[in-house]
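Okay, here we've got a single chain as structure tokens, the form predicted alone, with questions on binding and movement later.
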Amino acid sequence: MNNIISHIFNVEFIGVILRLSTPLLFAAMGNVVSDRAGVTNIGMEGSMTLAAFSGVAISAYSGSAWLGAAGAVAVSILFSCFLGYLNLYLKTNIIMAGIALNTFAASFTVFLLYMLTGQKANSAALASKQLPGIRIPVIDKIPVLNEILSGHNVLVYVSLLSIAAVYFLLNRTRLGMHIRAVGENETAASSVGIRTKRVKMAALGISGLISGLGGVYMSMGYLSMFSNGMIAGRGWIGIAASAMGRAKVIPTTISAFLFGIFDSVSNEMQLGNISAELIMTLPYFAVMAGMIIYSVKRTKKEQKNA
């Protein structure tokens, strides 16, 4: 137990939180964009899974990590837009369509993995590339900050930039204004000439782009291979973080980091004698507790305003 506490109350632990929060931030920011348009990206788990696999496969055969990342993001965008097509044009229930696509992505990536490597567990047989880390020149020379902020994978910094990018998109651009208008009142937005289906499709595409980076990070940043089930509910946690943050950038960011902290603590607790299987459920208990607290507060607020 003392060993666990010494790991948690350590400067390096903050760096661990940043690394483990990165895919959650990507998922949460992606869902903020789609949610503000009134269409939650239920297929986010699937888009991250496909992106994680595609990045590894494309980088292995092209020899370029950047080409692998670009291809993975493109696959994630197409996947999210396909969900939008099913819901907006074919009138499929988005929850049912999202669950079906998530299940498809989980199974299809295992099939492709077996076809390429003969293995169903991971892509260790593929000579995939990993995205580089970055050492920040000035911060790298400051004793404490260098351990916290410098030397992370490039996508860790991109995830932090995505917070500002999503805020700017929603509050400083014409597309962002249309996204918010459609999400708040689709009928009113349509009455002033906004093409609501196109806006929702664009929001889902952007959501797929951002969440796809989370999948790429898992297989080309945090690890250097794809493994079956590696996303492990992070897409759903991103949706939960967005719901707790009411699809607003700053509250959602805080929620994503809270879940990242629980994930980091669970990792450190596995160093002790406690059952690893039990510890791995800690982040998901945190999600359930967070959603319950959010629901209770929202219900009380609605009752008060009624």
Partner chain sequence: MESKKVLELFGIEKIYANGVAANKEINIAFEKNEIHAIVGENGAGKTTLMKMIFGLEEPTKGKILLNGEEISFKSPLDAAQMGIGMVHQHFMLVPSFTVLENILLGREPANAGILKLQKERENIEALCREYQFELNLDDRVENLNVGNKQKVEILKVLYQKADIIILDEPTAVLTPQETEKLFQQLILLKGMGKTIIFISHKLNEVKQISDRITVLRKGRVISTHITAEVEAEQISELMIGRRVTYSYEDLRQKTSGEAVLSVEHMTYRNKDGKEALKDIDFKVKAGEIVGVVGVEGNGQTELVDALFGYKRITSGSILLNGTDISKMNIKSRRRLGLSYIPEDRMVQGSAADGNIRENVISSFYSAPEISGRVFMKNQSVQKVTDELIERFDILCNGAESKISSLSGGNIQKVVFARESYMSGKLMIAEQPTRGVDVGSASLIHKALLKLRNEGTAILMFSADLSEAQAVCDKILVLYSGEIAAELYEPGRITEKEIGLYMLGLKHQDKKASGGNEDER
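Positions refer to the first chain, counted from 1. Since this is a predicted model, take the numbers as computed values, not measurements.
Just so it is clear, the following notes concern the form predicted in complex with the partner chain, a form of the same protein that is not shown.
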item	value
Segment that reaches the partner chain in the predicted complex - one of 136 to 144, 205 to 213, 92 to 100, 165 to 173, heavy atoms within 4.5 Å	165 to 173
Listed residue (74, 194, 106, 112) with a non-hydrogen atom within 4.5 angstroms of the partner chain in the predicted complex	194
The unique member of 152, 129, 200, 180 whose heavy atoms fall within 4.5 Å of the partner chain in the predicted complex	180
Any non-hydrogen atom of residue 188 within 4.5 angstroms of the partner chain in the predicted complex	yes
Heavy atom contacts to the partner chain in the predicted complex at 4.5 Å, residues of 41 to 58 in sequence order	none
